[in-house]
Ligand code: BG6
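One chain is shown next in structure tokens, namely the form predicted alone.
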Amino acid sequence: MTATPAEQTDADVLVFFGASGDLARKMIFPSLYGMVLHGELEVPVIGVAHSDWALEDLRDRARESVRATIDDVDEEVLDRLVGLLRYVDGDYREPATFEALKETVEDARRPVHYLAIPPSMFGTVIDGLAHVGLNKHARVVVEKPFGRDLASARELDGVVRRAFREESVFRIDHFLGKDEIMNLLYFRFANSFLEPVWNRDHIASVQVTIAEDFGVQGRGAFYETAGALRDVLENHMLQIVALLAMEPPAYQGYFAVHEAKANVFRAMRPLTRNDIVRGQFEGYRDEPGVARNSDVETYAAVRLFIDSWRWAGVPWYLRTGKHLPVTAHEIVVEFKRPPQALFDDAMMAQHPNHLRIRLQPDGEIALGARVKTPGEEFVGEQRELVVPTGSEASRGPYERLLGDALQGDRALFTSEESVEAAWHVVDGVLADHAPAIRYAPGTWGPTEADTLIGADGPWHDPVLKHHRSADDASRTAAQRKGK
């Protein structure tokens, strides 16, 4: 049975499954507090879990979560949030749980059901909602991962679509709710100077780096089921690529954006084993929950091509890893060199002109260009014009995304078509790949990644200040060699 599409009006109740879980404690309750603070949450919030809790336990968890996460808590706002909370305790496999939920929902007619639970439970919960009619005129928010490969993604979509139309499905990826990611879309299409050069005629290559200076932080058992390819590259990194590579949407509206992004995924050439370098930091196999002979990658670098009119022949280099020198998300678009060698030093420079977009930390957009140094000789140096884009006032991604779900705005959510198209790009290398190469923590991963980028390199290693010094350059060279 399929529900009718949810009306594009505000929801009148928020139901979230997994109310006693870690995600709720770390992210959901602080986000709900922010929504109340900004006047975006006034409807009842029903937590559902199987924890032998009572309502007061849920309220205590909400208070503890908010006070542990947010500085200078407004107790009046916190009291308003706590006053909105309701609770249903029960086994998701028992029909009585959903009967109790229906009674708690009472007269609400436009519920939003947020599944902050493992994907293995989606089918059970969705069938339970449909059994008592709570899928009618409702929306459902599902938490990533959206499958482990193309086949499981299709299976998961089939489970969700048993009870909800695509227009009522909100696939939440907190990464897409970050201000810096939203700014990619805005920067691309709010500025006319980019469009004439944003193509294969002027761009030589694009690099995207998502680096973390920490390891798996006790989550080895989870990481054994994911790895860098599934955990970061297939979703976060390909979403960045889609925002950078998409054609201008045909009109204002989330359907136009979703279609433009899906077209990028369709044009991506599926990865092969020659397009990827996998790495594993030394010591990963000693982590709790990790197999002693594990081949799971904690680092991945890929070479990607988009076979479209705009991007044909332009290589995209993506890399992500744990235990790298810094934690940073950065994009570097390298432009082609001048067609004529008027100045020898400019043609011999390691890097040509570039556009650098830092997403994290301290968002910024920088244009790298050569300027003449003082003196009579025509020699110069590469400098950057930098515009900070970060703000301490930025809202958290879950606060923004849950607010959008309550309003029925799907702009920052992922479509079924995009999910399956993205899995199609990486599906082949999930199993067909070379063994992971060991690398020392604190380095930039296996040196084989330098071979992958080849003449389009070297990699732009994020440096967490505006200008790289000679000491920085020496340190980076040593890190590449694993010293």
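Residues carry their position along the shown sequence, with the first being 1. Not measured: the values here are computed from a predicted model.
Not on display, but discussed next: the form predicted in complex with this ligand.
Under a 4.5 angstroms non-hydrogen atom cutoff, this ligand in the predicted bound form lacks W309 among its neighbouring residues. In the predicted bound form, none of the heavy atoms of W316 sits within 4.5 Å of a heavy atom of this ligand. Not displayed here, this ligand is kept clear of F146 by more than 4.5 Å at the level of heavy atoms in the predicted bound form. At the 4.5 Å threshold, heavy atoms of E364 stay clear of this ligand in the predicted bound form, well away from it.
Remark: of stretches 133-141, 105-113, 207-215, 149-157, the one touching this ligand in the predicted bound form is 207-215 (heavy atom within 4.5 Å). Checking R400, R410, H329, R303 against this ligand in the predicted bound form, a heavy atom within 4.5 Å turns up for just one residue: H329.
Checking R337, R86, R80, R219 for any heavy atom within 4.5 Å of this ligand in the predicted bound form turns up a single hit: R219. Taking this ligand as it sits in the predicted bound form, the stretch 170-185 comes within 4.5 angstroms of it through a non-hydrogen atom at H174, F175, K178.
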